[in-house]
Structures are given as structure tokens and as C-alpha cells.
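To begin, one chain is listed below as C-alpha cells, in the form predicted alone.
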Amino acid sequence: MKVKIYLYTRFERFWHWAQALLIIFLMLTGFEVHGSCRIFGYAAACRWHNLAGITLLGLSAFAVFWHLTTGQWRHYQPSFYNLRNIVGHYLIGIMRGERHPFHKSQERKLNPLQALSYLFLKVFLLPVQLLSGLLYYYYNDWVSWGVTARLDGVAYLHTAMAFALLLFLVVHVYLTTTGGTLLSYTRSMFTGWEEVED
């Protein structure tokens, strides 16, 4: 039997969609800066990319504060319980129509694989991306800071993290289609309510 529970607060939904839009916008402007596409023009793409990066940095700082003060950080605690079955479900079980081996609750919104993935995203991927972007932006100040890194190394790292984020985004969007209906997980990120197994 399925029941509807309120899983995602107003701030979580705002943060989720704002972060998603900023990351997609950063990818578009970043790829334009690299010459992979033409949308805004090089100069405008640089300006918009920098502004969006600073905005994402501010949003991330506020989100960290919110997670720590509300206790919501607990949902990202890594757990290896039932991890093998969850990975097996995504690789094979989902194709066989098997039920998901994890059931969401207000105490545990993320399954162990999601928790590990989001922890990696929040503790490594996004911080490295933001720090490498800031280093790249403040290249002219490196001498006064005593930074001896190579600019091309920072640029390659920033680009590699962008491709890792793109991969995360593609997998994330795919997994949103694996709910009860094609759009049920997406709908819950707009309303906050999700149908879960009782």
C-alpha cells in the first residue's frame, strides 16, 4: 500500500531547482567560453559564467548553513547497508520490474547509493569545481598569494569537474524517470509530497 508523505521542504525544493538551473547555465556558458557552442557571444558568456558561479557559491554556502542548522545533513550520512541490493536493482532489477529494496521515509530520504553520490557531489565535486573556478578567475592575483600552480592545470581540472557534473546530471535525470510513473519523482520535487510504500 502506498501513502503520501511530505519529504521535501520549501527550501530544499528551491535549493534543488536553483542549483540545477545554475549548473546547467554554467555548463552552457562554460562550453561557449571553450568554443564548443555559440549562444550568448564569448564576452557575454564569460560575464554570465562568472556571475552564475558566484551565485552558486553563495547558494552553496547558504545550503551548507541550512543543512547544519536544521539537522538535514543526516540524510547524507553514508551507509553501506543493503548497498549491494540497491546497486543490483539499478543494474538489473529495475529491468525486471522488481520493487526497489529501499523505502523512503522522513527519517531517511536517500537510499545508501544516493547518499554516497550526493555526499561525493557536495564534499568533493562541487567544492573542487568552485575552488578551481575561483582560482581561474583570480589568476592575476596568484603571484601576490604565492600560488605557483599552472593555469592550464587549473583549467583542465575545472573542465574535468564540469564533465563529471554533466555525467551526474544525466544519470540524475535518468533516475528521476524510475519512479512509480515517469514524472512522479520530478513532481515530488515541485510539491514536496511523494508516494512511498507504507
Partner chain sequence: MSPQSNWCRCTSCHAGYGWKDKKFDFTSQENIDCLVCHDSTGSYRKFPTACGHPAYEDKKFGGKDVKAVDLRRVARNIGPSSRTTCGRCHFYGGGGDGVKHGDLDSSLLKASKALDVHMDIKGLNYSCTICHVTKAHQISGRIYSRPAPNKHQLALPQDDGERLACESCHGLAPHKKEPLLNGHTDKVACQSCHIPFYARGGVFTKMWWDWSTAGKFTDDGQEIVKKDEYGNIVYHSMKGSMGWAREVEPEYYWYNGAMTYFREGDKIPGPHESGRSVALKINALKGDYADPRARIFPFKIMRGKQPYDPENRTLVIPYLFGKKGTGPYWGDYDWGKAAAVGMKEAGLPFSGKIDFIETEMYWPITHMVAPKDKALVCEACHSRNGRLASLRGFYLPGRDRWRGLDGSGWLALGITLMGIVLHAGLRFIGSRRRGGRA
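Residue numbers count along the first chain shown, from 1. The shown structure was predicted, so the numbers you read here are calculated from the model rather than taken from an experiment.
Just so it is clear, the following notes concern the form predicted together with its partner chain, a form of the same protein that is not shown.
Contact with its partner chain in the model of the complex, defined as a heavy atom within 4.5 Å, holds for exactly one of V171, V147, A61, L68, namely V171. With the partner omitted here, the residue from A155, L134, L57, L28 that has a non-hydrogen atom within 4.5 angstroms of its partner chain in the model of the complex is A155. Contact with its partner chain, judged by heavy atoms within 4.5 Å in the model of the complex, is confined among 92-100, 78-86, 110-118, 123-131 to 92-100. Though the partner is left out of this view, Y42 does reach within 4.5 Å of its partner chain in the model of the complex, counting heavy atoms only.
A residue is said to contact a partner when one of its heavy atoms sits within 4.5 Å of a partner heavy atom; A18 fails this definition for its partner chain in the model of the complex, lying far away. Although the partner is absent from this view, A160 contacts its partner chain in the model of the complex, with a non-hydrogen atom inside 4.5 angstroms. Of the heavy atoms in A52, none are within 4.5 Å of its partner chain in the model of the complex. Of the residues in 59-73, none comes within 4.5 Å of its partner chain in the model of the complex through any heavy atom.
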